[in-house]
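Just the one chain here, laid out as structure tokens, in the form predicted alone.
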Amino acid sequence: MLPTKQMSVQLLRQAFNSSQPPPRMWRSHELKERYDVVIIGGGAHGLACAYYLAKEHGITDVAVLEKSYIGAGGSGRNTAIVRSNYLTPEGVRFYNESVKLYEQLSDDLNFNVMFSQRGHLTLAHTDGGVNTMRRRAEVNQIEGVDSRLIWPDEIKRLCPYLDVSDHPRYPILAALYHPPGGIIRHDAVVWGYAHQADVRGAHIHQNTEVTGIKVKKGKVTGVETTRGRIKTGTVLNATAGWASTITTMVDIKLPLTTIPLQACVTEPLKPFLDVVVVSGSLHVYISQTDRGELVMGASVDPFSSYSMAGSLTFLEGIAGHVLELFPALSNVRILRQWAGICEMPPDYSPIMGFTPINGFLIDVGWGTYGFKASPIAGKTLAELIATDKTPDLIAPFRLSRFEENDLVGEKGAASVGH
């Protein structure tokens, strides 16, 4: 691990050394006949797990299988907001550990992931909304997370362009302010984890689709791919929106609903938005990138689908809601829109850990909130694989909680796609 200053000097030297091209971030490998661990899904979760398996536990005989290019799924389609101001104690503790890992990730990976902790505002437009934000703030503070309820005068100071008057249809009464929250460069996280996993010996196989999983007497024995068969005793399903497709290969049905989630980006503007702004009532969130674009998103689409096509209905809805918050943006042009696939559990919390099939593990059900969990999800799943024991931090998210009626209800903190 290099200090930030030393890392910057190294990057400058590389930039001015035109005679020698930089080394590849990760290498291509022939598919081996056998691996100790096979991770299905080359997004931030799968790559983070491969990295922590090697770094923390010395397990390097690992294959990461991605049917497209790494980061092609949810990791490359999200809006890269990081926060820990959740509603349940279990969720707050889990995401707070992820924020801590993100804070040191550039140094750990020797790669600038561009984490900007600019603060996160969740707006309340009704008395009920204010009560919900107060409850969340108290749960956050009990768990040691920096989060508090603030009022229109402070909201105006933090975000001068927000309309905090009593004129809008949904006036802003208060907000949950979470200073550690912010945005990050999602592709940098993917590349950083991929590079360090590769350096430590993991094999990253792009364009390698899993077509089947072999099970004998209740235990995983191998994986079938478009490039051949792999023998293994441990398989991790970290496929986000396609989680159900993979689990059906071992005859496990997960309580997930597959829903598209859309987002869009505007033309670049001069910097004016220093915080992330979210409105659960309006189902909209907005942040500004370092290049000046406004990244905007809404809740999931109102139908179940695997489609990743954008819609005019989404653009009309989000434009109207954003203008209620920021009337000055009326002439700003939207440059592009996109969609990703989410798989939503009934309690809006992930599903992690063991399954009834010995050796088949899951890191799924992330809905709209998976990217912010990438570091801690990878680290805890690596610990589970290495020790064959469920870490306390992810025990509440076990698959068996649904039949045990022990759900972790996060809908109040995760109902907007952020």
Partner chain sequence: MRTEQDTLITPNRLHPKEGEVIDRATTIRFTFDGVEYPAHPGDTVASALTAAGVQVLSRSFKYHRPRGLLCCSGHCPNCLVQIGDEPNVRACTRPVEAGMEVRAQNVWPSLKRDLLSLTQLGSRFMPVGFYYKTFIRPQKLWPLYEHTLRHVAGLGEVHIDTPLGEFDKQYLHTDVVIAGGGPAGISAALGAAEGGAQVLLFDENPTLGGHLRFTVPLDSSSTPEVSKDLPELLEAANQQPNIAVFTDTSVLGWYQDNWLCAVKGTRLFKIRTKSVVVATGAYEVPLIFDNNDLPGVMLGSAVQRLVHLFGVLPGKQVVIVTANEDGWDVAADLQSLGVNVGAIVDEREPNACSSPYRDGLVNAGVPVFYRHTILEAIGSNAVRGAKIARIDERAAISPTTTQSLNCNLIVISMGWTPATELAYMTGGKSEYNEECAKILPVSSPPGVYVVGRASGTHAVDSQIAEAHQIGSTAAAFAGSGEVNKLTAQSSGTLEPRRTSDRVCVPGNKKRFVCYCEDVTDEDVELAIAEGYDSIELLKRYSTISMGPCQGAMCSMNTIHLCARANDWTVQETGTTTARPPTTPVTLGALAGQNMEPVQTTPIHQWHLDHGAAMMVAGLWLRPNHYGDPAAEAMGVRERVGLIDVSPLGKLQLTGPGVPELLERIYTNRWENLRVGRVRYGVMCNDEGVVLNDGVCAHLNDETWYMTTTSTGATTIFEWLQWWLQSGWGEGIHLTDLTDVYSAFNLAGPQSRAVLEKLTERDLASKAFPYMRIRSAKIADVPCRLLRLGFTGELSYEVHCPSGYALHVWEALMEAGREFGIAPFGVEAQRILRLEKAHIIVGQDTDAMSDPLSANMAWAVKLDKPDFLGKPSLMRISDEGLKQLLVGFKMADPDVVPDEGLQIVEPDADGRLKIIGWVTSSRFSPTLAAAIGLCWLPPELASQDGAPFTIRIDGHLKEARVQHSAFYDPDGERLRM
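Numbering follows the first chain given and starts at 1. Bear in mind that the values here come from a model prediction, so they are computed numbers and not experimental data.
What comes next is about the form predicted in complex with the partner chain, which is not displayed.
Contact with the partner chain in the predicted bound form, defined as any heavy atom within 4.5 Å, is confined among 231-239, 174-182, 328-336, 218-226 to 328-336. Looking at residue 83, you'd find every heavy atom of it more than 4.5 angstroms from the partner chain in the predicted bound form. Contact check for residue 77: a heavy atom falls within 4.5 Å of the partner chain in the predicted bound form. Looking at residue 157, you'd find every heavy atom of it more than 4.5 angstroms from the partner chain in the predicted bound form. None of the heavy atoms of residue 152 is located within 4.5 Å of the partner chain in the predicted bound form. Within 4.5 Å of the partner chain in the predicted bound form, a heavy atom is found for all three of 103, 168 and 191. A single residue from the set 288, 208, 279, 98 has any heavy atom within 4.5 angstroms of the partner chain in the predicted bound form; that residue is 288.
Comment: the partner chain is not present in this chain, but in the predicted bound form one of 214, 148, 321, 200 has a heavy atom within 4.5 Å of it, namely 321.
Along 296-313, a non-hydrogen atom within 4.5 Å of the partner chain in the predicted bound form is carried by 296, 308, 309, 310, 311, 312, in order along the sequence.
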